[in-house]
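A single chain comes next, written as structure tokens; it is the form predicted alone.
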Amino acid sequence: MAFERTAAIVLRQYYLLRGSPARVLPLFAWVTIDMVLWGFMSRYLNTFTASRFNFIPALLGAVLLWDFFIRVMQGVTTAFFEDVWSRNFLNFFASPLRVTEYLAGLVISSIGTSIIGLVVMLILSTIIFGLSLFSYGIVLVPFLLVLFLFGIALGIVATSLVLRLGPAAEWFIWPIPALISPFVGVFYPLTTLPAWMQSVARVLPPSYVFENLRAMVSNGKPSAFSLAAALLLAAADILIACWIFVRTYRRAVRTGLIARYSAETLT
């Protein structure tokens, strides 16, 4: 894998962002709205509860982590969609660029955009609502790592879906985080779910993150075993997602479906 080719993919995304405020604004606008909305809601709920429980880390912390996951996933898919929208996708693979180099470029681009959103969320939650996630120390590292890995995996699978079904399939991609959120228990314990939904939750790494977040807020004792299991699941998801993308790409090339991404209009 040539680093220069991967860097070229990242550089293209950088130039797109630098030259378009309309692309930069969504990196922090929606997370700002979420932080403000859920922050004041958490503060309002605190007025009805005993002083021993604080909704701000329980709810606002969950929103922050969930938004980080969404930013990671959409960082991959949006970078891919930029090439689809500009009908530039076929041009990439008419060059010596490899699939692995292209995927690596999407992942690195996602790292950059998701970090911007994370920093904005941390600043807002700390300054306005007094939520200091850094006070929990190094335990937050596996939380963020699990969400990052699963977000990357889901983003790659989503791009595979669009690659297989065509550009119009992007409308199947945007609702994916909302569809899986009931299963991962962002705002409630998994025990409130029916048995079949709990079975699905066990194979979704974010469910372990939010269960441990609630445990940490309640008694300060997250489970190292469940976080390790979540990391293994997320790593496996990355491998599966890359395998799916490579197979989908090869099929698109073999069957000629990749022509739908060319600058020509298919008839």
Partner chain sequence: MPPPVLSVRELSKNYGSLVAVDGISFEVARQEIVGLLGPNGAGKTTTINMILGVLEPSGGSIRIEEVDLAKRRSQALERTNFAAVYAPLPGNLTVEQNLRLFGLLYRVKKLGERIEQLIHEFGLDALRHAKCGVLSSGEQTRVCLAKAMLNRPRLLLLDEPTASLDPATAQEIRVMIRQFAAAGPTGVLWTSHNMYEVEEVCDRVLFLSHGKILLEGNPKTLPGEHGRETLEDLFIAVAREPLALARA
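Residue numbers count along the first chain shown, from 1. Quick caveat, the model's predicted, so the values are computed rather than measured.
The discussion below concerns the form predicted in complex with the partner chain, not included here.
J.: Even though the partner isn't displayed, in the predicted complex is residue 119 close enough to the partner chain, meaning a heavy atom within 4.5 Å?
T.: Outside the cut-off, so no.
J.: Does any part of residue 93 reach within 4.5 Å of the partner chain in the predicted complex? Heavy atoms only, please.
T.: The answer is yes: residue 93 has a heavy atom within 4.5 Å of the partner chain.
J.: Given that the partner chain is not shown alongside this chain, does residue 82 nevertheless sit within 4.5 Å of it in the predicted complex, heavy atom to heavy atom?
T.: Residue 82: yes, in contact with the partner chain in the predicted complex.
J.: Please determine whether residue 181 contacts the partner chain in the predicted complex, using a 4.5 Å cut-off between heavy atoms.
T.: No - in the predicted complex, heavy atoms of residue 181 and the partner chain never come within 4.5 Å of each other.
J.: Tell me the stretch among 190 to 198, 151 to 159, 96 to 104, 120 to 128 that has any heavy atom within 4.5 angstroms of the partner chain in the predicted complex.
T.: Looking at the other structure, the answer is 96 to 104.
J.: If you apply a 4.5 angstroms heavy atom cut-off, which residues in 60 to 89 are near the partner chain in the predicted complex?
T.: Residues within 4.5 Å: 82, 86, 88.
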